[in-house]
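A single chain, nothing else alongside it, follows as structure tokens in the form predicted alone.
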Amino acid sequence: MSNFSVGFRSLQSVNVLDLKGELDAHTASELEAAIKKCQDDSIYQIVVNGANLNYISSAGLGVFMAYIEDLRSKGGDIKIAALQPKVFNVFDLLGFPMLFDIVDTEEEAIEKFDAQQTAE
């Protein structure tokens, strides 16, 4: 039984995905489906809120890598917010902070999207 879930919220032109539980090989398809749904809805600016994400495996990290280039080619991005320290350490060990904006709060992630739109 999966203890992972993805919640959706729309804030302006940004979709917020609230991750909860453990993201691993068994649950990565749920995150993949959530990101694909955003793309199908023509929403390319995604904030992943990891405040309630307790664990992430390489399969979960792979989902981020699978979609980032396509989202960026459409003018979007994935910004990751509010990770618990032990989950952030996994991202950090694999160099994700060099590839993704990983910020402390969801509000900060949304502000980064707003700043990008202002600069364009």
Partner chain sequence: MASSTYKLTIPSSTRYLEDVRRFIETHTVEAGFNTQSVEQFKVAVDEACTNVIKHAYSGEDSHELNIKVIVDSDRFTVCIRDKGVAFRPKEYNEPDIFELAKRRQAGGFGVHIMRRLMDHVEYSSQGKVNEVRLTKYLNSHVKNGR
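Numbering follows the first chain given and starts at 1. The shown structure was predicted, so the numbers you read here are calculated from the model rather than taken from an experiment.
Beyond what is shown, the protein has a form predicted together with the partner chain; the following relates to that form.
- A residue is said to contact a partner when one of its heavy atoms sits within 4.5 Å of a partner heavy atom; Lys37 fails this definition for the partner chain in the predicted complex, lying far away.
- Although the partner is absent here, Gly62 lies within 4.5 Å of the partner chain in the predicted complex, judged by heavy atoms.
- The partner chain is not drawn, but in the predicted complex it has a heavy atom within 4.5 Å of Leu99.
- Using a 4.5 angstroms threshold between heavy atoms, Glu22 counts as touching the partner chain in the predicted complex.
- Residues of 70 to 93 placing a heavy atom within 4.5 Å of the partner chain in the predicted complex, in sequence order: Asp70, Lys86, Asn89, Val90, Leu93.
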